[in-house]
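Next up, structure tokens for two forms of one chain, structure 1 and then structure 2.
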Structure 1
């Protein structure tokens, strides 16, 4: 099932390991519908002709046929359960990223995509290495968006106030469009019209948001699948995300957030149980944990934004192997902005 087909009359090119599975169930449903349609319409036409009104024939009511009724109720149930099973299998596959996935953070907002890579750099187009599972951790700054790449057969909603996750592994070098598949508003321009939610920014990292996009239709980007070498070159080219700010003579917001997070770790008392040096206290050290695999009582997890948030608000959801579930919850005592700052701090604690 891993042969990737080029575009067909009905479907675009396959570019991910998942695509053949999605297309299989698509064609199964399509051909089942064709067979049912031809069968039902033929029978209908045949019987309409067979029992047509003609001299010498009287209409005879047929009554109830129990065997038939039960037959055409049970048979479709099997087909539906099979289709549900296939669909659910695909959904689960899409939801559970392999342990060796590279994490890319996706920020959606009206009307742009931003992709943040493991080295901290960001871009408005998604570059990924071929044959490498990519886990997208997605978040929206405003309304619901939906990340959609046809050739990957991947589509998932991006919802404000939570992280949604999807993963894929590209099978060959190439490119495809990234669309927003959720109607996410537009700019009203007429006299007295509503204001654009984002004023043009002088943020050197996000010049593309600078007021040139005007609606859902413009929330378009590109996916580039590259060889490992090309991808490494790309990563180098976006470099340290702070460079652009430093060059513009400004404070780097990431650094400011991380510094703020360091202060919070003190004032909220995290440092009583966590070090940043690699040394173990009551809880594990934060040094170098971001992006790593952590083993917990619920199995292996990769440490990403969503896991850190969960660890702080719901510490007992997953307990790190070798530690006690003694961390208190900070739900209600820590704002969303503070969570982001602590996350930025933990991210900055590289090995």
Structure 2
């Protein structure tokens, strides 16, 4: 089997062990359809010409042909049974991960993917080692999403309130796009609560270009298949730098915590709703917000450590005036240390 099969006119390159089987079923159905189409249309054209109206020829009933009718009834049954067998076999192969699979947790939210690795580190891009089965355990914080990587030939819905699973084993080093293949909605809010069809952001940390629509179509990430050595370096790079201080019984320095908080804001999709420049998005900008007095639906509140943590874990507890309560909760998706790091980052964003 060619592990690095090139892209064809219809399909992208194959990057997983499952891809050849998926492509075989696709092309079997495709060429069967081509043969049937050509055969049926050719027969139609031939019979239309042979039995055309001509002077001196009288139309007569064709009669009944039991052999022909039994033949065109039974023949498709064998094709359908074969297609069902191959399809079900492929479904089982896609659904049952090998016992030695590495588990990566996938959190889907409007509008970002977050990938949590066995060492507890997370990123907004998926990095995996080559020739290693990867089991993705996925859930959604808000609406239905759909994890889709064309070159791997994997696509699986991610449904709120339940876990879904898909696995793959990459056959060679490379990269491909990760999409959301579900119509999961999208909107942004402008001044005065006006809904906009785009995200008016000039925030350099914001993952979407200013003026580009935000929604499932822009819920984009990347898959990077790496050598074992490069993947180990990646895991080390996303390790929490505050862990060493905490394990030594010391407080993490504010600068270290703030830098880690900036990375978390990106990987956990916070920048999809909050800017760091003062520009307005779905949620309030983080610039200069710490220590500020905010008006909420529950009255005035001071933006301090407690309020920030409450807003992350229970975002609808106090909604800032002029905004709508559309933020999903991060309860169960973020550790206490990460809450402190994001808080340190927000504190560092002074006017």
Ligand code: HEC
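Every value quoted in this text rests on a predicted model; they were computed, and no experiment measured them. Residue numbers count along the first chain shown, from 1.
Chemist: Of these two copies of the chain, point out the form predicted together with heme C (HEC).
Modeler: That would be structure 1.
Chemist: Thinking of the change between structures 1 and 2 as two rigid blocks, are residue 233 and residue 155 in one block?
Modeler: Yes, residue 233 and residue 155 move together as one rigid part between structures 1 and 2.
Chemist: When the larger rigid part is held fixed by a C-alpha fit, how many degrees does the smaller part turn between structures 1 and 2?
Modeler: Expressed in whole degrees, the smaller part rotates by 163 degrees between structures 1 and 2.
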